[in-house]
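Just so you know, structure 1 and structure 2 below are the same protein chain in two forms, each on its own as structure tokens.
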Structure 1
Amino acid sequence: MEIGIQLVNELEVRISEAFCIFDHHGDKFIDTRNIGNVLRFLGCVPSENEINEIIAATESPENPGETHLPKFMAHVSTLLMNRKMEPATPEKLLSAFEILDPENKRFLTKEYFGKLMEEEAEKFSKAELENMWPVAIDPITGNIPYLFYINQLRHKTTIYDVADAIREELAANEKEKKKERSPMPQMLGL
């Protein structure tokens, strides 16, 4: 059941591709609980709060718990063009860790870090915590040498460049349209 949806630019193509991975019936609807995954796949780094906002904004009123592609695309395109949820530099991530490591030991203990992740801010579930340990822990010391951990988390994101290009394209088109709409240069008889 291929319901064709018009994709007008590269940004929409990218968003649609990520979206459709979770579209099991081919009807261009996905479960809202996968929206976080879609965004992260695109390369964004949203917080749980931001994800909930997007879910609320794009959830289908006729089919609660599901989101339809066109609405999602429109909303997320705008966000991307405004550089929302953009991953910050790895240096910033390093600073975040350094705040947690006041004695500058260049590592965090599993106990401390685990407790922080599990009980503070946008808490990790037990499953998320378990998934994190193989990535974060140095098996020999049992601690988290966070520089190493940061390098595991880095990933090249190109979506914002695409969004930029589209934004400029749209801006250029707007300019063209404005020119057309403005009245013909008046032939003023002098």
Structure 2
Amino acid sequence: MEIGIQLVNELEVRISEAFCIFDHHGDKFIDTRNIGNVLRFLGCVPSENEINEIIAATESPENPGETHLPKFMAHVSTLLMNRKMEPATPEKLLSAFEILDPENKRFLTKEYFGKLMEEEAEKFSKAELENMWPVAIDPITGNIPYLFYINQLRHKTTIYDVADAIREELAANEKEKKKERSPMPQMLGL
């Protein structure tokens, strides 16, 4: 993909690809209202607070209400390498669903789950719920079989796996640079 910005690793490639989906003018700027969409596309689970912090850190002073790709990429790369906005593990999700299912039916009704998602903690909008239902709801029963749903949410290689690999590569490079800079001990008498 030609974006006019040099990308140096797989993490930057993935961030730029997600960003460019929402770059409707092809100028490497997106509306800050799309930052949450970009992050979710990457597989992140940001809170509204985290989205607002990213907007504050990356919003263009020259173009208020917009974020420029290089600044966004640098900021979000650091967050991902520090495993910020990471989705819950399948084990945590299962534990949460089991709490919501005290009768151990292994499913939740759409109505019950929708009400929780709209009214509790980090509330979902109607549009977010509408986007979630096709993945969550069993089309035959109309319920949410949560073991199946949890498996639908899992990704084979997450953006965090890529970020970990880049972080390890950067640490190895830094270690190598330090080794090159430190003087070699002189072997005396040989």
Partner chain sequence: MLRSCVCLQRAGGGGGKRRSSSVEDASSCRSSEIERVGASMQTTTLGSNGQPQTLAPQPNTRASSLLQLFHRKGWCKHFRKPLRGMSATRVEKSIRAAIFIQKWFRRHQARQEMRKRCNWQIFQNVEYACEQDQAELYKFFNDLIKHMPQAVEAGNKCNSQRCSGLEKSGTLYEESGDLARIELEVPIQKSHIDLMIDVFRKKRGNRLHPKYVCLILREAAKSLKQMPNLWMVSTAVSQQVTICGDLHGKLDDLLVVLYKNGLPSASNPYVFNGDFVDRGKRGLEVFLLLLSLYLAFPNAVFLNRGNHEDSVMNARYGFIREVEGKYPRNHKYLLSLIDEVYRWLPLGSILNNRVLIVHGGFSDSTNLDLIKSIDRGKYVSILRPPLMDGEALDKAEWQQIFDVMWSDPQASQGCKPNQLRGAGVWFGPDTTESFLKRHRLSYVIRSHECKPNGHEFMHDNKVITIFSASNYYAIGSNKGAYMRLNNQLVPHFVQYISAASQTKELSFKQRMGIVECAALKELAVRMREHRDELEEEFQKYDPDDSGCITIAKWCFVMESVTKLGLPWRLLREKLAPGTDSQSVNYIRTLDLLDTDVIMKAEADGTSVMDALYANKASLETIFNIIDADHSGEITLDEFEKAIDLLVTHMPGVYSKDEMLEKCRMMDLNGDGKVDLNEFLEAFRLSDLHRKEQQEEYLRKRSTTKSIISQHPSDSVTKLADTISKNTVIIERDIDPTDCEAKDVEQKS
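A quick note: this is a predicted structure, and the numbers were derived from the prediction, not measured. Note that the rigid core is defined as the largest set of C-alphas that superpose within 1.5 Å between two forms. Please note that residue numbering is based on structure 1, beginning with 1 at the start of its sequence.
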query	finding
Which of the two shown structures is the form predicted on its own	2
Core-superposed C-alpha of K92 shifting 2 Å or more between the two structures	yes
Rigid core fit then N37 CA moved by 2 Å or more between the two structures	no
Threshold 2 Å Cα movement between the two structures at D138, rigid core reference	yes
K105 CA shift between the two structures in angstrom, with the core used for superposition	8.4
